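Okay, here we've got a single chain as structure tokens, the form predicted alone, with questions on binding and movement later.
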């Protein structure tokens, strides 16, 4: 199947972008890298008469880090640039790990982080790290600007809370806490670049020998990336030991809601959630 015909637009300012969106309405779709969108068009899963590129809009470009405000990832920033960015490597290991597990080298040099989030897949690799790290999305539209958590942004499979004519301008990841440590783990039966059958991100802080802060997010096991609140509660305020970690891992497997699909059965996904969480907690608990 070949790509259907469409009109391509490349505005240079957000005012022009919003004018085009208002003019063309539901027949238009914005794109940055377009790696998922073009495949969906080619497969006939979506239909748009107008594609509007964000690449020439300067305010949507840039990658920056400030010790007081954190990491800023603009809408057009590609995955590979974040993974190679020195402050990201130093302060946001789980996010870099998720990118290195995502698709192929070619895709990582084309696809954007914001696009990966706005695609709103339950298996989006960068979603769980951004959520676990407390990232926020800055949203703009005609005459408006607002900010919400990345956790709030994704509302279901392929769905976000973006209103008509709104786009995500950038994502801001707060600076890590003094004792914060994190990691991302993924299980893909066929290969490491395949879509995850299950994934998990853990961000935590151990102070005075106990879990002072814990944030656990799971991918591919619910209609959207989900927070394992019950597993977090098992750990909070307690000293790490193998029995505690196993209990938290089992709790995470119980509280998720996976479905059987071509990648794994529901039972296998629940089992692998437990395996990933135990493995991740064990690694983080022994870090100095």
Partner chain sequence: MNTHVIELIVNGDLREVAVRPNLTLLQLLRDHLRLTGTKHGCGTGDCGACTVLLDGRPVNSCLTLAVEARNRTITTIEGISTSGTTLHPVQQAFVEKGAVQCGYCTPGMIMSSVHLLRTNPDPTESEIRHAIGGNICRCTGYTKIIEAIETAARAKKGSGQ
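Numbering follows the first chain given and starts at 1. Bear in mind that the values here come from a model prediction, so they are computed numbers and not experimental data.
Unshown form predicted together with its partner chain; subsequent notes refer to it.
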item: In the predicted complex, the one of 258, 70, 240, 33 near its partner chain [non-hydrogen atom within 4.5 angstroms]; value: 33
item: Its partner chain: the contacting residue among 244, 46, 250, 39 in the predicted complex [heavy atom, 4.5 Å]; value: 39
item: Heavy atom contact within 4.5 Å of its partner chain in the predicted complex, the stretch among 173 to 181, 145 to 153, 203 to 211, 107 to 115; value: 107 to 115
item: Contact flag, residue 7 vs its partner chain in the predicted complex, heavy atom cut 4.5 Å; value: yes
item: Contact label in the predicted complex: residue 78 to its partner chain, heavy atom within 4.5 Å; value: yes
item: Close approach of residue 286 to its partner chain in the predicted complex, 4.5 Å, heavy atom; value: no
item: Exercise: residue 60 in contact with its partner chain in the predicted complex, heavy atom 4.5 Å; value: no
